[in-house]
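One chain follows as structure tokens, the form predicted alone.
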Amino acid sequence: MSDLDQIITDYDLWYLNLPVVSSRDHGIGRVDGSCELIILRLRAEGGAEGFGEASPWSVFTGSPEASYAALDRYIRPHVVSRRVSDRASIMADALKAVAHCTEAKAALETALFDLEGRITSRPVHSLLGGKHRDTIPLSVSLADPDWSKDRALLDRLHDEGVRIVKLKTGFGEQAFDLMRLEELRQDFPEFSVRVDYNQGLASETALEHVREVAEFRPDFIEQPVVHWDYETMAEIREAIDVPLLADESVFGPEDLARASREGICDGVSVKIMKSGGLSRAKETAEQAARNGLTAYGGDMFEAGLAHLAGTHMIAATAEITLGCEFYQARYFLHEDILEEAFPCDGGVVTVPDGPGLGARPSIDKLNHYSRSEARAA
């Protein structure tokens, strides 16, 4: 019997409430105090374990309660007693078992890849087709409504070698956005600046606001208006000479086809949480490149486990050329859940080469921050 023919015997869940170090405003919503996520652990009959993380945001992809229910009630029966080698068919069954809940499906595929990698002593990026890069440029978002706190963060980022920042805009007045951009250009010229509205602008005034922001020549401007307003996205793209990126408008390959056809963007944010897993995120980026669009690796409000999954996906996806945003574990969470620090230093994320994801969460931390648990019988 092949090692991958082992049966998956255990399926455990933790619902976590993780304290954060600052408030954040992102166009469509705000996060204060803590963020909630779900951790999945699979165990094979030989004792090997694989972990995955679902990191939802209720105003964007869905609620943590929905992710928990999807994993616990609807997806669990399609996993337990299946063979590790059945990864592709398990994911196909999960896709049909419950609509949406892309974060839950991302957690499942991550855990399956991690489990397979640990059994075969291969890193996840190898299972995804091979590594194209050893490091990934790191971007850190600025979203604290108290600008003085973000200025202090900028000093820290400079000292730690980070040189890419993304300014979250559209949650306050236009004057606040322009003031911050002016200070970034004047006081922190060494930083490459990106702008992200997270759907924060009204369609009627979006073009005027974006034109003013475009005068600061950011690397790109991301998702100014609500996800379904393809018409305004296309209008803005035609009116500015700064690349326009889509995030909430493009969850997966199906949305990418329409976005390209209707000309709403020059590039896309690729996230395993909204795509529904590593494989579909990789497919989205590859399809974007075939349509002449760029791509970067975005994140949700994630812990280090989801960052690791995204890191392996980007490492295996040559088409993602604009770096990643896997900063939450280091710069937003009060404490990450991994046993060892997520590997982001000197302004880059280093791709792990160990078995599976290359690191694992601390069970003590999972138990400490858990709201509730659902353990397999």
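A residue's number is simply how far along the shown sequence it sits, counting from 1. Values in this document were obtained by computation on a predicted structure and should not be read as measured data.
One more form of this protein, predicted together with a further copy of the same chain, exists but is not displayed; see below.
Only one segment in the set 256 to 264, 147 to 155, 111 to 119, 133 to 141 has any non-hydrogen atom within 4.5 angstroms of a further copy of the same chain in the model of the complex, and it is 256 to 264.
Using a 4.5 Å cutoff between non-hydrogen atoms, P64 counts as a contact of a further copy of the same chain in the model of the complex.
In the model of the complex, a further copy of the same chain sits within 4.5 Å of a heavy atom belonging to A99. Although the partner is absent here, W228 lies within 4.5 Å of a further copy of the same chain in the model of the complex, judged by heavy atoms. Though the partner is left out of this view, A48 does not reach within 4.5 Å of a further copy of the same chain in the model of the complex, counting heavy atoms only. Just one of F216, F220, Y74, F191 comes within 4.5 Å of a further copy of the same chain in the model of the complex, counting any heavy atom, and that one is Y74. For the candidate set V348, A69, L338, V31, a heavy atom within 4.5 Å of a further copy of the same chain in the model of the complex is found for exactly one residue, namely A69. By the 4.5 Å heavy atom rule, the three marked residues Y15, V59 and R371 all count as contacting a further copy of the same chain in the model of the complex. Residues of 287 to 315 are not found to place any heavy atom within 4.5 Å of a further copy of the same chain in the model of the complex.
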